[in-house]
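Let's start with one chain on its own, the form predicted on its own, as C-alpha coordinates.
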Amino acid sequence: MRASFPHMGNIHLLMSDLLERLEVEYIVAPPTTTKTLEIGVRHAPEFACLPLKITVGNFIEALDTGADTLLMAGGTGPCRFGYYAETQKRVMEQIGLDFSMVTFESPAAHPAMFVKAFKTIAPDKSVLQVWRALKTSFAKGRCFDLLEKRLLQLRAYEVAPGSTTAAYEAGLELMSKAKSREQIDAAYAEALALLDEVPLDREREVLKIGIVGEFYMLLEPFVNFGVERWLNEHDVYLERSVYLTDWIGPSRRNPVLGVSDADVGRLAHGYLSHHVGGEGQATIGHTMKYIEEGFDGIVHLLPFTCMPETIAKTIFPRLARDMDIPVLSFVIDEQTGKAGVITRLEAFLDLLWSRRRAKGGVRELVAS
(Lines give C-alpha, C1' and ligand atoms only; values in the text may rest on other atoms or scores of the structure.)
Protein backbone atom coordinates (compact mmCIF):
# COMPACT_ATOMS: atom_id res chain seq x y z
CA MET A 1 0.00 0.00 0.00
CA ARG A 2 1.15 3.52 -0.87
CA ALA A 3 -1.34 6.02 0.46
CA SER A 4 -1.85 9.60 -0.67
CA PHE A 5 -4.23 12.47 0.01
CA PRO A 6 -5.21 15.83 -1.55
CA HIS A 7 -3.48 19.09 -0.72
CA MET A 8 -5.12 21.77 1.42
CA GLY A 9 -2.88 24.25 3.18
CA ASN A 10 -0.63 22.48 5.69
CA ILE A 11 -2.55 19.20 5.72
CA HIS A 12 0.41 17.44 4.11
CA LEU A 13 2.48 18.19 7.22
CA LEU A 14 -0.13 16.72 9.57
CA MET A 15 -0.89 13.69 7.38
CA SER A 16 2.77 12.89 6.78
CA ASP A 17 3.40 12.90 10.52
CA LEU A 18 0.36 10.72 11.23
CA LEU A 19 1.09 8.12 8.53
CA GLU A 20 4.70 7.85 9.68
CA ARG A 21 3.52 7.17 13.23
CA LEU A 22 1.19 4.47 11.90
CA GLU A 23 4.01 3.05 9.75
CA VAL A 24 1.93 3.46 6.59
CA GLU A 25 3.88 3.96 3.36
CA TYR A 26 2.70 7.15 1.68
CA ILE A 27 3.35 9.58 -1.15
CA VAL A 28 2.72 13.33 -0.93
CA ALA A 29 1.04 14.33 -4.18
CA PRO A 30 2.89 16.87 -6.34
CA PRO A 31 2.17 20.45 -5.29
CA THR A 32 -1.05 21.86 -6.69
CA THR A 33 -0.38 23.74 -9.93
CA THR A 34 -2.26 24.91 -13.00
CA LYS A 35 -1.62 21.44 -14.44
CA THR A 36 -3.44 19.91 -11.44
CA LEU A 37 -6.41 22.20 -12.06
CA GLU A 38 -6.46 21.36 -15.77
CA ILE A 39 -6.52 17.63 -15.01
CA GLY A 40 -9.39 18.04 -12.55
CA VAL A 41 -11.42 20.27 -14.86
CA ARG A 42 -10.98 17.78 -17.70
CA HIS A 43 -12.37 14.84 -15.73
CA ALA A 44 -14.68 16.17 -12.99
CA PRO A 45 -18.35 17.12 -13.56
CA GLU A 46 -18.66 20.57 -15.13
CA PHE A 47 -20.79 22.10 -12.36
CA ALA A 48 -18.85 20.55 -9.47
CA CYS A 49 -17.27 22.84 -6.89
CA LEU A 50 -13.76 24.03 -7.70
CA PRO A 51 -12.31 22.19 -4.65
CA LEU A 52 -13.64 18.90 -6.03
CA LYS A 53 -12.01 19.53 -9.39
CA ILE A 54 -8.64 20.35 -7.86
CA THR A 55 -8.66 17.39 -5.47
CA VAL A 56 -9.46 15.06 -8.38
CA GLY A 57 -6.36 16.51 -10.04
CA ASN A 58 -4.35 15.92 -6.84
CA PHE A 59 -5.46 12.28 -6.75
CA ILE A 60 -4.69 11.59 -10.41
CA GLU A 61 -1.22 13.11 -10.03
CA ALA A 62 -0.68 11.05 -6.85
CA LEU A 63 -1.60 7.85 -8.70
CA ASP A 64 0.75 8.83 -11.52
CA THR A 65 3.61 9.09 -9.02
CA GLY A 66 3.05 5.65 -7.48
CA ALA A 67 0.19 5.87 -4.98
CA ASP A 68 -2.40 3.09 -4.98
CA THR A 69 -4.61 4.04 -2.00
CA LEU A 70 -6.36 7.40 -1.75
CA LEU A 71 -7.44 8.92 1.57
CA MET A 72 -10.35 11.34 1.69
CA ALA A 73 -12.48 12.93 4.39
CA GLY A 74 -16.22 12.38 4.50
CA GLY A 75 -18.81 14.96 5.43
CA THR A 76 -22.24 15.47 6.97
CA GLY A 77 -25.07 17.95 6.55
CA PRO A 78 -26.48 19.88 3.57
CA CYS A 79 -23.21 20.40 1.70
CA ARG A 80 -21.85 18.58 -1.35
CA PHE A 81 -18.56 17.92 0.45
CA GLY A 82 -20.16 14.79 1.88
CA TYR A 83 -20.34 13.40 -1.67
CA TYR A 84 -16.76 14.25 -2.66
CA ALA A 85 -15.19 10.86 -1.97
CA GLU A 86 -17.83 8.92 -3.90
CA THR A 87 -17.76 11.39 -6.79
CA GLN A 88 -13.96 11.31 -6.94
CA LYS A 89 -14.01 7.51 -6.88
CA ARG A 90 -16.49 7.27 -9.75
CA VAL A 91 -14.68 9.87 -11.86
CA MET A 92 -11.37 8.05 -11.60
CA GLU A 93 -12.91 4.62 -12.14
CA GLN A 94 -14.55 5.88 -15.33
CA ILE A 95 -11.17 6.85 -16.78
CA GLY A 96 -9.76 3.43 -15.95
CA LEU A 97 -7.54 4.14 -12.96
CA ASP A 98 -6.75 1.32 -10.52
CA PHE A 99 -6.80 2.30 -6.84
CA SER A 100 -8.46 1.84 -3.45
CA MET A 101 -10.39 4.67 -1.79
CA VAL A 102 -10.57 4.98 1.99
CA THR A 103 -13.03 7.54 3.37
CA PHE A 104 -12.61 8.94 6.88
CA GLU A 105 -16.03 9.88 8.17
CA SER A 106 -16.52 12.38 10.99
CA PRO A 107 -15.33 10.86 14.30
CA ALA A 108 -18.12 12.71 16.10
CA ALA A 109 -20.92 11.56 13.78
CA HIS A 110 -19.61 8.11 12.80
CA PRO A 111 -16.97 6.93 15.32
CA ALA A 112 -17.13 3.26 14.29
CA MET A 113 -16.61 4.10 10.61
CA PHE A 114 -13.77 6.46 11.53
CA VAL A 115 -11.95 3.69 13.41
CA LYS A 116 -12.66 1.19 10.61
CA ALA A 117 -10.95 3.47 8.08
CA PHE A 118 -7.78 3.54 10.16
CA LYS A 119 -7.87 -0.23 10.59
CA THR A 120 -8.02 -0.47 6.79
CA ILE A 121 -4.77 1.42 6.26
CA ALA A 122 -3.01 0.26 9.47
CA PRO A 123 -4.42 -3.23 10.21
CA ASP A 124 -1.53 -4.14 12.52
CA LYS A 125 -2.18 -1.23 14.87
CA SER A 126 -4.52 -1.51 17.84
CA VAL A 127 -7.21 1.08 18.46
CA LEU A 128 -5.09 2.41 21.34
CA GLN A 129 -2.05 2.78 19.08
CA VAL A 130 -4.14 4.60 16.48
CA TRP A 131 -5.56 6.89 19.16
CA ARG A 132 -2.11 7.76 20.51
CA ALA A 133 -0.79 8.51 17.01
CA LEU A 134 -3.83 10.67 16.26
CA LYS A 135 -3.51 12.55 19.52
CA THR A 136 0.16 13.35 19.03
CA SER A 137 -0.12 14.28 15.35
CA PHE A 138 -3.17 16.42 16.07
CA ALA A 139 -1.27 18.30 18.78
CA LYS A 140 1.50 18.94 16.26
CA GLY A 141 -1.04 20.09 13.67
CA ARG A 142 -2.51 22.55 16.16
CA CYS A 143 0.95 24.05 16.62
CA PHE A 144 1.21 24.50 12.84
CA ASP A 145 -2.11 26.36 12.95
CA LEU A 146 -1.08 28.58 15.85
CA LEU A 147 2.11 29.54 14.02
CA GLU A 148 0.11 30.38 10.90
CA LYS A 149 -2.29 32.50 12.92
CA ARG A 150 0.65 34.39 14.41
CA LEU A 151 2.12 34.89 10.94
CA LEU A 152 -1.09 36.57 9.72
CA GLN A 153 -1.08 38.89 12.73
CA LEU A 154 2.59 39.95 12.48
CA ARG A 155 3.53 40.07 8.80
CA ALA A 156 1.85 43.44 8.17
CA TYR A 157 4.32 45.07 10.58
CA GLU A 158 7.58 43.54 9.33
CA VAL A 159 10.47 45.91 8.65
CA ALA A 160 12.21 43.75 6.07
CA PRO A 161 9.87 42.34 3.40
CA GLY A 162 9.75 38.55 3.55
CA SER A 163 11.38 38.27 6.98
CA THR A 164 8.24 37.04 8.76
CA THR A 165 7.53 34.46 6.05
CA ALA A 166 11.13 33.21 6.28
CA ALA A 167 10.87 32.86 10.07
CA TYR A 168 7.54 31.04 9.72
CA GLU A 169 8.96 28.58 7.19
CA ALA A 170 11.97 27.96 9.44
CA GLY A 171 9.56 27.27 12.28
CA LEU A 172 7.62 24.76 10.18
CA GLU A 173 10.87 22.96 9.46
CA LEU A 174 11.65 22.75 13.17
CA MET A 175 8.17 21.48 13.91
CA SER A 176 8.27 18.86 11.15
CA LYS A 177 11.28 17.17 12.74
CA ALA A 178 9.71 16.91 16.20
CA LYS A 179 8.41 13.45 17.19
CA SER A 180 7.55 13.16 20.89
CA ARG A 181 5.19 15.51 22.71
CA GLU A 182 8.16 17.00 24.54
CA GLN A 183 9.97 17.63 21.25
CA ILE A 184 6.82 19.12 19.73
CA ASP A 185 6.38 21.52 22.65
CA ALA A 186 10.04 22.55 22.49
CA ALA A 187 9.98 23.01 18.71
CA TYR A 188 6.81 25.08 18.91
CA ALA A 189 8.32 27.37 21.53
CA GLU A 190 11.42 27.81 19.37
CA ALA A 191 9.35 28.41 16.22
CA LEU A 192 7.17 30.97 17.99
CA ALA A 193 10.31 32.72 19.24
CA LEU A 194 11.61 32.94 15.67
CA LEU A 195 8.44 34.75 14.64
CA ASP A 196 8.45 37.05 17.64
CA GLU A 197 12.12 37.97 17.01
CA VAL A 198 11.37 39.40 13.56
CA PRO A 199 11.91 43.20 13.64
CA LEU A 200 8.55 44.98 13.46
CA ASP A 201 7.44 48.55 12.95
CA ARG A 202 4.84 48.66 15.69
CA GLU A 203 3.97 52.29 14.89
CA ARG A 204 2.80 51.44 11.37
CA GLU A 205 -0.86 52.10 10.71
CA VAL A 206 -2.52 49.05 9.22
CA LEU A 207 -5.97 48.02 8.12
CA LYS A 208 -7.68 45.17 9.89
CA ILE A 209 -9.53 42.64 7.73
CA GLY A 210 -11.29 39.38 8.54
CA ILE A 211 -11.24 36.61 5.92
CA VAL A 212 -14.30 34.35 5.94
CA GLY A 213 -15.82 31.72 3.68
CA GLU A 214 -15.61 28.10 2.56
CA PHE A 215 -12.88 26.14 4.34
CA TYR A 216 -10.93 24.90 1.30
CA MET A 217 -10.88 28.33 -0.31
CA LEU A 218 -9.47 29.80 2.91
CA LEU A 219 -6.87 27.13 3.59
CA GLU A 220 -5.42 26.45 0.12
CA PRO A 221 -3.19 29.29 -1.19
CA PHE A 222 -3.22 28.00 -4.77
CA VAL A 223 -6.96 28.39 -5.11
CA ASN A 224 -7.18 31.78 -3.38
CA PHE A 225 -4.15 33.20 -5.24
CA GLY A 226 -2.23 33.76 -2.01
CA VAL A 227 -4.49 36.64 -0.96
CA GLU A 228 -3.42 36.41 2.67
CA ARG A 229 0.22 37.06 1.91
CA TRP A 230 -0.68 39.79 -0.58
CA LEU A 231 -2.87 41.57 1.96
CA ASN A 232 -0.31 41.21 4.75
CA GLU A 233 2.34 42.71 2.49
CA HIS A 234 0.04 45.66 1.77
CA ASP A 235 -0.28 46.73 5.41
CA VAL A 236 -3.23 44.56 6.41
CA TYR A 237 -3.53 42.72 9.71
CA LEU A 238 -5.53 39.53 9.16
CA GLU A 239 -7.71 37.13 11.07
CA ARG A 240 -9.09 34.04 9.34
CA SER A 241 -12.28 32.20 10.30
CA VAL A 242 -11.04 28.63 9.67
CA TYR A 243 -7.96 26.66 10.74
CA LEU A 244 -7.28 23.06 9.83
CA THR A 245 -7.30 21.43 13.28
CA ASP A 246 -10.34 23.43 14.38
CA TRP A 247 -12.14 22.27 11.24
CA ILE A 248 -11.37 18.57 11.72
CA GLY A 249 -11.52 18.54 15.53
CA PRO A 250 -14.67 16.86 16.88
CA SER A 251 -15.11 19.12 19.92
CA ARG A 252 -16.13 22.19 17.87
CA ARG A 253 -14.56 24.40 20.54
CA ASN A 254 -12.01 25.78 18.05
CA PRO A 255 -9.05 26.47 20.35
CA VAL A 256 -6.98 28.07 17.57
CA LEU A 257 -9.70 30.55 16.65
CA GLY A 258 -10.63 31.10 20.29
CA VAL A 259 -14.40 30.98 19.69
CA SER A 260 -16.60 27.88 19.62
CA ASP A 261 -19.08 26.88 16.93
CA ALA A 262 -21.88 27.46 19.44
CA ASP A 263 -20.74 31.03 20.10
CA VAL A 264 -20.36 31.69 16.38
CA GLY A 265 -23.91 30.42 15.84
CA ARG A 266 -25.20 32.82 18.48
CA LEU A 267 -23.37 35.71 16.84
CA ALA A 268 -24.94 34.86 13.47
CA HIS A 269 -28.45 34.37 14.85
CA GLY A 270 -29.79 37.81 13.93
CA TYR A 271 -29.05 37.20 10.26
CA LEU A 272 -28.88 33.42 9.87
CA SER A 273 -30.49 31.45 12.68
CA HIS A 274 -29.77 27.88 11.60
CA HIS A 275 -27.10 25.66 10.10
CA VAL A 276 -27.22 25.67 6.28
CA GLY A 277 -24.28 23.35 5.66
CA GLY A 278 -20.56 23.95 5.32
CA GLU A 279 -19.40 27.24 6.80
CA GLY A 280 -22.47 29.26 5.73
CA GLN A 281 -23.64 30.21 9.21
CA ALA A 282 -20.07 30.47 10.51
CA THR A 283 -19.26 32.98 7.76
CA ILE A 284 -21.94 35.30 9.13
CA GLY A 285 -21.07 34.61 12.76
CA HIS A 286 -17.37 35.33 12.33
CA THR A 287 -18.19 38.49 10.40
CA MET A 288 -20.22 39.70 13.37
CA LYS A 289 -17.31 38.85 15.66
CA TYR A 290 -14.90 40.88 13.52
CA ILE A 291 -17.32 43.81 13.52
CA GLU A 292 -17.46 43.69 17.33
CA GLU A 293 -13.65 43.80 17.36
CA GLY A 294 -13.49 46.93 15.20
CA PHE A 295 -12.29 45.44 11.91
CA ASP A 296 -12.24 47.71 8.86
CA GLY A 297 -13.58 45.21 6.31
CA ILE A 298 -14.39 41.63 5.39
CA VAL A 299 -13.11 39.50 2.49
CA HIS A 300 -15.39 36.57 1.63
CA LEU A 301 -14.09 33.62 -0.44
CA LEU A 302 -16.35 30.97 -1.95
CA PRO A 303 -16.30 28.51 -4.85
CA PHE A 304 -18.82 29.00 -7.66
CA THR A 305 -22.03 27.00 -7.02
CA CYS A 306 -21.33 26.58 -3.27
CA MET A 307 -24.82 26.61 -1.73
CA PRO A 308 -23.97 27.45 1.94
CA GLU A 309 -21.68 30.33 1.00
CA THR A 310 -24.12 31.62 -1.62
CA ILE A 311 -26.70 31.88 1.19
CA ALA A 312 -24.18 33.88 3.25
CA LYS A 313 -23.39 36.07 0.25
CA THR A 314 -27.06 37.02 -0.18
CA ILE A 315 -27.14 38.12 3.48
CA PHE A 316 -24.06 40.33 3.26
CA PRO A 317 -25.63 43.36 1.52
CA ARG A 318 -28.13 43.88 4.38
CA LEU A 319 -25.56 43.06 7.05
CA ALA A 320 -23.04 45.48 5.53
CA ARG A 321 -25.64 48.28 5.48
CA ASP A 322 -26.83 47.58 9.00
CA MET A 323 -23.35 47.31 10.50
CA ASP A 324 -21.63 49.87 8.25
CA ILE A 325 -18.80 47.60 7.14
CA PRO A 326 -17.57 46.93 3.58
CA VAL A 327 -17.64 43.29 2.44
CA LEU A 328 -15.87 42.04 -0.69
CA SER A 329 -16.92 38.61 -1.99
CA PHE A 330 -14.90 36.56 -4.47
CA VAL A 331 -16.78 33.78 -6.26
CA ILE A 332 -13.95 31.64 -7.62
CA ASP A 333 -13.89 28.99 -10.34
CA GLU A 334 -11.38 27.73 -12.90
CA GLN A 335 -11.94 30.86 -15.03
CA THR A 336 -10.95 33.27 -12.24
CA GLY A 337 -7.60 35.02 -12.75
CA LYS A 338 -5.18 36.42 -10.21
CA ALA A 339 -4.92 39.80 -11.93
CA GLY A 340 -8.64 40.42 -11.55
CA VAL A 341 -8.58 39.38 -7.89
CA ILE A 342 -5.65 41.71 -7.11
CA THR A 343 -7.29 44.63 -8.96
CA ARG A 344 -10.45 44.26 -6.86
CA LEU A 345 -8.40 43.96 -3.66
CA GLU A 346 -6.50 47.15 -4.49
CA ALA A 347 -9.77 49.03 -4.97
CA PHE A 348 -11.12 47.56 -1.73
CA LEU A 349 -8.09 48.72 0.25
CA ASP A 350 -8.43 52.21 -1.26
CA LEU A 351 -12.04 52.25 -0.04
CA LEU A 352 -11.06 51.15 3.47
CA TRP A 353 -8.31 53.77 3.76
CA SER A 354 -10.73 56.45 2.54
CA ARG A 355 -13.24 55.43 5.18
CA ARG A 356 -10.51 55.53 7.81
CA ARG A 357 -9.51 59.07 6.79
CA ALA A 358 -13.15 60.21 6.63
CA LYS A 359 -13.72 59.08 10.19
CA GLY A 360 -10.81 61.29 11.19
CA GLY A 361 -9.12 58.82 13.48
CA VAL A 362 -6.06 56.63 13.35
CA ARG A 363 -6.77 53.47 15.26
CA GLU A 364 -3.90 51.70 16.96
CA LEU A 365 -3.90 48.20 15.53
CA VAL A 366 -0.52 46.91 16.65
CA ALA A 367 -0.31 43.12 17.05
CA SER A 368 -0.08 42.02 20.64
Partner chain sequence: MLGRVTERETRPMRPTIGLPQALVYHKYFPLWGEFFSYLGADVAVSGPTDKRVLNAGLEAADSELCLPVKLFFGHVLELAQQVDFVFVPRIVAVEGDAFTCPKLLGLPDMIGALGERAPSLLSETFNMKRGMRDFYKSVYKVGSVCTDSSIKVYRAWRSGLRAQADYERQLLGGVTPLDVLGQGIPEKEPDLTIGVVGHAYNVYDRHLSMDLINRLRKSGGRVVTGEMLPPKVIERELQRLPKRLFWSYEKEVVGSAFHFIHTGDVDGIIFLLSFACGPDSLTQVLIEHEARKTSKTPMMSLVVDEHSGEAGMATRVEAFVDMLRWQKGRVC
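Numbering follows the first chain given and starts at 1. Keep in mind that this is a model prediction, so the values were computed, not measured.
The protein also exists as the form predicted in complex with the partner chain; that form is not presented, and the subsequent description refers to it.
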(message) Can you tell me which of 241-249, 118-126, 188-196, 84-92 lies within 4.5 Å of the partner chain in the predicted complex, counting heavy atoms only?
(response) 84-92
(message) Can you work out whether residue 315 and the partner chain are in contact in the predicted complex, taking contact to mean some heavy atom pair no more than 4.5 Å apart?
(response) yes
(request) Give a yes/no on whether residue 65 approaches the partner chain to within 4.5 Å in the predicted complex, heavy atoms considered. (result) no
(request) Examine residue 202 and determine whether its closest non-hydrogen atom to the partner chain in the predicted complex is within 4.5 angstroms. (result) no
(message) Since only the chain is shown here, I'm wondering whether residue 275 would be in contact with the partner chain in the predicted complex (any heavy atom pair within 4.5 Å).
(response) yes
(message) Can you work out which of 215, 114, 271, 295 has a heavy atom no more than 4.5 Å from the partner chain in the predicted complex?
(response) 271
(message) Can you confirm whether 9, 206 and 237, the three residues that make up this candidate site, all sit within 4.5 Å of the partner chain in the predicted complex, judged by heavy atoms?
(response) no
(request) Pull the contact list for 20-56: residues with a heavy atom within 4.5 Å of the partner chain in the predicted complex, in sequence order. (result) 45, 47, 48, 52
